[in-house]
Structures are given as structure tokens and as C-alpha cells.
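One chain comes next, on its own, written as C-alpha cells: the form predicted on its own.
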């Protein structure tokens, strides 16, 4: 047993979203038309590569969404904050740590615990700043050796050769996995059925190249990160690679939970306003016109500051930093969801206004079909492509919104690791001489990759699901 389970509210939510999404996708793939559309998406090389990278991000986020309190050794139980629980044996107790960690923290234990005193450059063995060192010749100013980065390297002159050797070792280990995957994809590509539209097949070659690239990068990074700080360390000595990987969960949660809140609001209000018209349309238009007249950043900032004040005054009994940060994250997603549904609502209203005048809807009304059945049977299926395309595009916008809000100080809790907090803490580092660039670059690369893949995948989804573009392909 790893420890005592300590799942957060957001852990339940993200796993529930993935479960519901997986079941919905499995049900949708029973329809031959839906299978053809998804095959059309996967036949696009950029969409296939983006889907694999997005699934990798999701896997990391799910690993970081299983929290537990680790079991403490008896010698640490008396010195650290801990929680005791009765064991099965009499007159003995099992001691758990007071703070939670995740499965991702457990997998990254080596780089999580390898904390230096302050900044260090990527793959360095010396600190970034000079310190006063006491030597046999007296006190001198020099760059001290790092506590963990290259600590097992006895001769500093072998620094570069050691990096090259470990890189080659990582490449060799990755080939052990790449070769069987290549044979599997080669066999699959020969047996793959062709599509009726354009005689296309899924981009298996692109899939193999993407997976092979991820395996090579992962193998080399593992070999180097176990002995060096691959992407350097930040101000308090934490490994930047660890911070970048931990921030993936925050970005995925911001996008997924916010969409979970805004989607029902936009779908119900937009469809009702467009189909029924009259006072319902006027009320919905008045609501979203009023909200859109308020500057979005100011509205979100005011709501977040009010929530923070409430937390400080009424939730002081929440002693765990993880629980407090998780609660603030959930409230932030709620605020973003309540203010971000307007654009999708307008699109659905306009499309519903057009669909309600079509012949098959008019015929259904003439035969006495109730409005609820018309909405479910005729309108919602024809609005699905707009909803699917919009949520994929909005996901990338919400990831960027978190970075902007955290930069101005109204985003997630400062104790929570996120790309926005990394950028916020790195802004002062840009004024140093020499420049400390790796924290900002790491946050930019991770966030840019996620947003780019989401946008490329959204383009392929639009081409496959939009009825207006289907005849042009």
C-alpha cells in the first residue's frame, strides 16, 4: 500500500470527466457515420500527432490526480507533521505524512527531492551565482558545486562527456521500445481499412513517428534528469522540469472544468433563445449583453478577490495547503465558466434561429410533435459540430487565460504549481545579469505545445464535423 488515500475534489471531477467522455466516445463510435468522421480526423497527420500529444498531457494530468498521504518511517514520524492511524496489529500505529502527494510525485521522486540552494542552469554542475567559500587559502568568491546536479561526477572535467554518454544510453534504451512499436504499426497500416471519402487511411506513419519521438525524448530526459537538473532550477532550488510537468494538471483542469460549467449554460440558453424566441430570447440577450458589457478581466479579478477574502475569513480551518489551493482552483473555474459561455451561446442562438425555419422542423410542428422532442431529435444533433469545435478551441483559450490571470495575481493559489505562476515568478529573473531564462522558456514550451496541439486538432474536427465543409472535401 502506497499510503492513505487523500483524493481532492478536483481529482474526482477530472476522473469523472474522463470516464463520461470515454463512454460518450464509445457510444458515438457505434454509429458508422461517426466512425467515418473520426477516421477522417485521424487521417490528417497534424491531427493524429496532436491527438497523441494531447493524450500524453492527459495521462500526466491523471497521474497527478491520484493523491495520497505516504507512509512515514518511524524515525521521521516524530520529527515531521504526521497523521496516525491504528494498524491491524495491537499496540502499534501507522504514521502517515500530513501533506498529500500524487502518483506523479512518486514517479518523479528523484527530481522532486533534488532541491538546490538557488538558481542553476540546465545540465550544470555548479551554482548560477557566486558564493563565499571557505578553502585552505581562506575565504573566496566562487561558484559552488550543486548538491544534486552532477553530484556523482568526481571529476568535473568529465562533465560534457558524461552528458553525451547518458544521452547515448537514453537513445539506445528508447530503440528497445521503438522497434517493436514500429513492427506493430507496420502490421496495422497494412490491415487498415480505407475511408470512403477520398480513399484515405489513418496516418499510422505519423502516429509512429510521434510516439517514437516522445519515447526518445522521455528516455533521454530520464537518463539526464536522474543525475542533472535537465532544465535547471528556479529561485528556491526546485527542479524546473518537475514544475513544468506538475503544471500540466492545472492547465488541463482549468480547461476541462470550466468547459463543464459553461457548456450547459450556453447550450440551454442559446438553444432556447433561438428556438422559442419572444420574451425568452429577449431575456437571454439582455443577460449576455449585460455580462459582455463588463470588461472580462475586471469581472474575473473582482470575483476572485472576493472569493479570496471569503476564504481568508471563513475557511481558516482548512489546514492542508493542497485542499485550500484546490478549493481556490475550483472557484476560479466556476468564475471562468460563468463568464465564458457568452460566445458559444450567441453561436447556438444564431444557428437555432436558422434551424427552426427549415422544412423538417416545420413539418414536425405541423404533425404536433412536442417542442422537447424537436429540440432533442432535430436541433441538438445539428448543433453538435458547433459545440464540439467551440469547446476544443475554447480549451486552449482557457489555458492561456490561466497564465494571464496568474501573472496579474488573480489566478490560482500562489502555492499551486502552474505555468502562470512560473511565468509570474520568472518575470523578475529577466532583469538579472546574466539572464535567467530557463523557467520562462520551460513554461512557454509546455503551454505552447498544449495550445498548438489543441488548435490543430480543432481544425481537423471542424473539417470532419462541419456539414458546410463536408461536401468540399
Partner chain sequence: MTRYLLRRLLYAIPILLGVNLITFSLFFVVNTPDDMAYKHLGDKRVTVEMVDKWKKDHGYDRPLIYAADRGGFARFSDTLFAQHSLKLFLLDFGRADDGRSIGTDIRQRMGPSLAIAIPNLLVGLLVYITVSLTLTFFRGTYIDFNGVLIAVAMMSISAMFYIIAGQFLLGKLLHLAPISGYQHGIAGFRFLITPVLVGLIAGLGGSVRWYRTLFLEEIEKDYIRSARARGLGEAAVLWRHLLRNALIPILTGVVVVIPTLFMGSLITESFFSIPGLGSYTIDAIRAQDFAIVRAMVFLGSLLYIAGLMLTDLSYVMVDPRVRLE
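Every value quoted in this text rests on a predicted model; they were computed, and no experiment measured them. Numbering follows the first chain given and starts at 1.
Note that the form predicted together with its partner chain isn't included here; everything after this is about it.
Looking at 71, 147, 121, 297 here, can you tell me which has any non-hydrogen atom within 4.5 angstroms of its partner chain in the model of the complex? The option sitting close enough to the partner is 297.
Just one of 330, 171, 221, 303 has a heavy atom within 4.5 angstroms of its partner chain in the model of the complex, so which one? Residue within 4.5 Å of the partner: 303.
Which is the contacting stretch out of 230 to 238, 155 to 163, 287 to 295, 106 to 114, given heavy atoms within 4.5 Å of its partner chain in the model of the complex? Contact criterion met by 287 to 295 only.
Flag this candidate site as yes only if 309, 452 and 462 all have a heavy atom within 4.5 Å of its partner chain in the model of the complex; otherwise mark no. Each of the three qualifies.
4.5 angstroms heavy atom contact with its partner chain in the model of the complex for residue 400: Looking in the model of the complex, residue contacts with its partner chain include residue 400, since a heavy atom lies within 4.5 Å.
Is it the case that residue 62, even though its partner is missing from this view, gets within 4.5 Å of its partner chain in the model of the complex, heavy atoms only? Looking in the model of the complex, residue contacts with its partner chain do not include residue 62, since no heavy atom lies within 4.5 Å.
Does the 4.5 Å heavy atom contact test between residue 443 and its partner chain in the model of the complex come out positive? The answer is yes: residue 443 has a heavy atom within 4.5 Å of its partner chain.
Is residue 14 a contact residue for its partner chain in the model of the complex, using a 4.5 Å heavy atom cut-off? Flag for residue 14 set to no.
Pull the contact list for 384 to 409: residues with a heavy atom within 4.5 Å of its partner chain in the model of the complex, in sequence order. The stretch touches the partner through 400, 403, 404, 407, 408.
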